[in-house]
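There is one chain below, alone, in structure tokens, taken in the form predicted alone.
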């Protein structure tokens, strides 16, 4: 007998079409909130997701509930990306890709931080998810420090501060990349080339 048939209706796994609807709604909400911020309209999100507005409210009873789901989903994707970076053979590549990802997120989804800051209750409900990011960032940094590629005085709290300027409204992608390159250059340990074999140093 199907396990779902043995459970009360409230405990059965969501149907495949319901799961797909939720995925489409979240994708549409990500895009709409990124552009319109808190002014995003639920009707517009439902239309872009290809579902009835009633279906949207069935999954997310309020705009605040949908916003919370969008923020948590984004943070969970970031955590998964950081986990993948820990498997990078070259620790410095992990640092580069981490900062590149975060910089691109600020450029392409500038509303994300604003949305978190705009809702005190949202900040509280996403605290656990945000706290999980700190240890992952620390592991990425420590790997690069242990390999001698990253300055030893760099700590987790430095990263958002170093990238804060990249969220300026007037920042173009080219300018953002330029400043990111400057930040990465300042973080990386400068490798002193060895002296030529057999030749004495004269300075």
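A quick note: this is a predicted structure, and the numbers were derived from the prediction, not measured. Positions refer to the first chain, counted from 1.
Below, we refer to the form predicted together with the DNA, which is not included among the displayed structures.
### Message
Can you tell me which of 135-143, 155-163, 36-44, 173-181 lies within 4.5 Å of the DNA in the predicted bound form, counting heavy atoms only?
### Response
Of the stretches listed, the one contacting the partner is 36-44.
### Query
residue 54: heavy atom within 4.5 Å of the DNA in the predicted bound form?
Residue 54: contacts the DNA in the predicted bound form.
### Query
How about residue 62: is it within 4.5 Å of the DNA in the predicted bound form, going by heavy atoms?
Flag for residue 62 set to yes.
### Message
I'd like to know if residue 189 sits close to the DNA in the predicted bound form, meaning any non-hydrogen atom pair within 4.5 angstroms.
### Response
No - in the predicted bound form, heavy atoms of residue 189 and the DNA never come within 4.5 Å of each other.
### Task
Tell me, yes or no, whether residue 23 is in contact with the DNA in the predicted bound form, where a contact means a heavy atom of each within 4.5 Å.
So residue 23 does not count as contacting the DNA.
### Query
Did residue 24 and residue 83 drift closer or farther in the predicted bound form, going by a CA distance change of 3 angstroms or more?
Pair moves farther apart in the predicted bound form.
### Query
Would one find the Cα atoms of residue 37 and residue 103 closer or farther in the predicted bound form than in this form, where their distance changes by 3 Å or more?
Note: Cα gap between residue 37 and residue 103 shrinks in the predicted bound form.
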